[in-house]
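Two forms, one chain: they're shown below as structure tokens, one block per form, named structure 1 and structure 2.
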Structure 1
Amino acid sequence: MLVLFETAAGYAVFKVLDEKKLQEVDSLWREFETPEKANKIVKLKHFEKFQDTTEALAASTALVEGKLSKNLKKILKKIVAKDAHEQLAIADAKLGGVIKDKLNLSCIHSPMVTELMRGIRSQIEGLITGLPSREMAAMCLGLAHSLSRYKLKFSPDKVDTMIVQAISLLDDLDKELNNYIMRCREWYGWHFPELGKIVTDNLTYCKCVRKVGDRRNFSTSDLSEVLPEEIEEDVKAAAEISMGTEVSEEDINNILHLCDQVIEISQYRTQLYDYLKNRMMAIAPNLTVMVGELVGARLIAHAGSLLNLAKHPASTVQILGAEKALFRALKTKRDTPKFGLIYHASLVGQTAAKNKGKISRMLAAKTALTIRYDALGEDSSAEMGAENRLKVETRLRHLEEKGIRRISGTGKALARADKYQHKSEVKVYDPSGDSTLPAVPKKRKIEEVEEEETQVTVKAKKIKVEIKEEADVEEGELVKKKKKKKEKKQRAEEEAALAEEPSTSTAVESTEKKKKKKKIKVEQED
């Protein structure tokens, strides 16, 4: 009888030397007490070693599913070729069935087989010669890790260590780049100080210097790809009359090396930034949609890992990065900060200062949801992030339009503000509601009539002249009535005017008096 025994290092096929002993299942363990005894009962017939961990992984996954791996098939075919009549003892009944179907090799699985396997397992080192125990242990460990990773669908895309490292590197690069550029400016400024003032952009400066080198070459060289026209003119002009000192060839070479470095680092920085953006989109797409790549990456780096970040409540996400201010405020019982790293998100940046706190809180709440979805969710689409962002943007718009909804209660009713009363409005008492008598056309008081008549006599001459004019105007009663109303107001004005300037009795006044006169006549007729 043959025994198939799978190990982490490879497949082993043993031949049972003494089949009689197999009958006594209970005392089988005695046969495996020492390596020598074990070797007497079973002998290693064939050992198929795994070449590397991928092979081992394939074999073990096949084993877990109860299928035949390629290696196993190969070995078994060899056996079939040699010992077709032998039975094969295997540890898994399902696998036995498969082997029987595919290779027509009779398999056996029974308590006796289990005992046999136990024995072999306990003496495996003694039985498989040529395999040092350390190698076996190492293979075992490696296989266990790769199998577990395979089981957990470990995907190298989703490793957030990359993000943490990349963002830290980005910050480091920025610092270094700044240092180098400052050094370069200072150093070259010794030779050509005006260039520093004319060319403000750092990268352009370095490119310029790289291209030209010594100040004398400025007039001859062509800087059109590096600088725009006017600046190029300025630079060339300044180069002629520069007050910097001369420097030797060697010195210029060193400065040029530095410029090379600066340009290279700048390029690498842009490359790294692109890489970071790609990784962020792959690892945490929803978070990227909500706050942007850079802020998202900083949040992850601050918390240590995406999973850690997911464990933080939304209020923590809101003030991540402002811990110093937070604890200082808590200690001294003052107001705590309203935003930390999330301040740099575009949604918070674009609002007015007084709304930043509110937006930061809303954004943090939705962001916490997206973070958890990214860290613990199964699929990796960005829809959820887009929806949440939309929600926050809608709220933002509401805030800004001041269509404030009532905050308490159901929050659905529009807040009703009281009608604004102008404070400077003078309210005059309207006595028209006093009388319950039917409305009658206003009768003028007797005093007023007397006043008018005195006025009329004073300006009798002028009036006569203009009677004709008035006749045209006064046609409808409506007009009359309107004029009556006007008269009241005008009367007040007139009297005041008359008091001031009796001499400047204008045509207007006379016409008014004429109107009155006409009215009197009309009334008398009525």
Structure 2
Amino acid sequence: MLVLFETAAGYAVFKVLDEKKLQEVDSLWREFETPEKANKIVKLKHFEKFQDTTEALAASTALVEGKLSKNLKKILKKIVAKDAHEQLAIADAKLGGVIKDKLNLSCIHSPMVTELMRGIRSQIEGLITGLPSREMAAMCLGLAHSLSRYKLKFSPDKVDTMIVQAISLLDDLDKELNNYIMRCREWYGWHFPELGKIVTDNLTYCKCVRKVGDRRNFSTSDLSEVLPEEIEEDVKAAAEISMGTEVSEEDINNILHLCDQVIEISQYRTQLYDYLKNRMMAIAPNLTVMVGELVGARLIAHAGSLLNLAKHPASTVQILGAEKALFRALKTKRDTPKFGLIYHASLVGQTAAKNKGKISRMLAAKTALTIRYDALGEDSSAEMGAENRLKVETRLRHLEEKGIRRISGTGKALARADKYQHKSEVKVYDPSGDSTLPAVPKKRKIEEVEEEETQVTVKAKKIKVEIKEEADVEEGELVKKKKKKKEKKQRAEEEAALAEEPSTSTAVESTEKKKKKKKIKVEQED
């Protein structure tokens, strides 16, 4: 077995002397504890040294990208082709596939090879003879610096850093412009307050003030280049009857200088916007077609780069920029936000309020696809973005028309619907359900009526007889109970009289006195 080992100094090809020891992967590190033990396992067969740092950088970049460099191809043809029957151990599986396709060599990549490479790297100074350690360290340092410069090399095609800086500067300019214009209106408003109500556009307002200066000059100045004729007449009429205060020339000069600043910043902002638009179409054309230049640039700036944005799923792209609202909703257990920066896209803006969530979700899904196509694809056309935008517009039209059109196919065919025909049914009112009493015919026979009356009277008599019998039985029971109570009382009185015979005389006297007292009281009351 042969081993291809890459170093900062050059390519090294080793011959494995004892393949049996390689089977024990866990204990293989013990065979590389010292240079003497390592020389018993592998032996250097060939070493191809790099001539300079440029050649080393070209070789290392080819290895990073998984490509076969010209120098490595020559070495493999010369050295390894002689022992074509043996396997070649490779550290990178992708590079092994390229070597197998181009040179028809059997390559191997396994955990055993990884452990073998680790052992060779630990004893590289003892295995490669004629290469001082100081020279090896210097070549490693030089290659590291060159490789870092190569990775940070300016690329005009995929420079998303410029977009991040441009959109940040654009936002800062908008804030500064708002502050300057507000200060200019308030400052000049003390001198000519009516002008602010007549001229609403900020840039036009500053141009008028810059051209005229003092309000007394409005009547003699020509504002046809700045204002329409109707508004110019209104401004001149308002200047004659203005309620503003008089200001000095020094104050007017400071206000004019501020107007110059506003006009210059506005012109620079338009120039910066054109630059951002062109840069976005060069770097992310499909994303620009989907959501526009400003929204696309803000998404890239929020993620940090176009590649970082491509790593985000569609659900994250949908709520990117609404992190505070998301975590607040999760904390309070309420509904999470439906959109973030993507809310400012034109497709979401022209949607009805009830459908904004659905359209933002679909737009985020299609936008995630276009971002990955722009970041990782080699094609720079905007066809994919246009197709996805058409699908989102078709979905939007379908939602607005409430399912009349269908999405599948071209999205133009109308969905088939049966013609509506109104069928009126005349229903007759049924009076049978009005009363719950049994229905009786109006004319009845006299005999039936008499029979019913006799039956009713007989029933009534029977009921009365039964009631009387029940009452008699109850009265008899009550009489018997009263008799028993009287008998009990008499027996009790007799027993009490027998027991109180000696004190009868005293008792009789006391009773007579009581009776007399009662009679006297009664007479007095009368």
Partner chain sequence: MRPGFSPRGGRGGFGDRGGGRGGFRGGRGGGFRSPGGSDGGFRGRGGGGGFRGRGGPGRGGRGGGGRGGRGGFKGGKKVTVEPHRHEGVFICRGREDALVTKNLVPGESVYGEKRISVEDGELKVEYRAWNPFRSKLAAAILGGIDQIHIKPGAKVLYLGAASGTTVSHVSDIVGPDGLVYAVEFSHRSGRDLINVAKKRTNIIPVIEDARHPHKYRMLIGMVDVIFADVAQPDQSRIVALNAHNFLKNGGHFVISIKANCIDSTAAPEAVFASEVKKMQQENMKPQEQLTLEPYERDHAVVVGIYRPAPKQKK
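Computed from a predicted structure; not experimentally measured. All residue numbers here follow the sequence of structure 1, with the first residue given the number 1. Here the rigid core means the biggest group of C-alpha atoms that line up within 1.5 Å when the two forms are laid on top of each other.
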| item | value |
| --- | --- |
| Answer for which single form is the form predicted alone | 2 |
| Core-aligned CA displacement of residue 115 at least 2 Å between the two structures | yes |
| C-alpha of residue 127 off by 2 Å or more between the two structures on rigid core | yes |
| Rigid core superposition, residue 263 Cα moves 2 angstroms or more between the two structures | no |
| Residue 43 CA shift between the two structures in angstrom, with the core used for superposition | 32.9 |
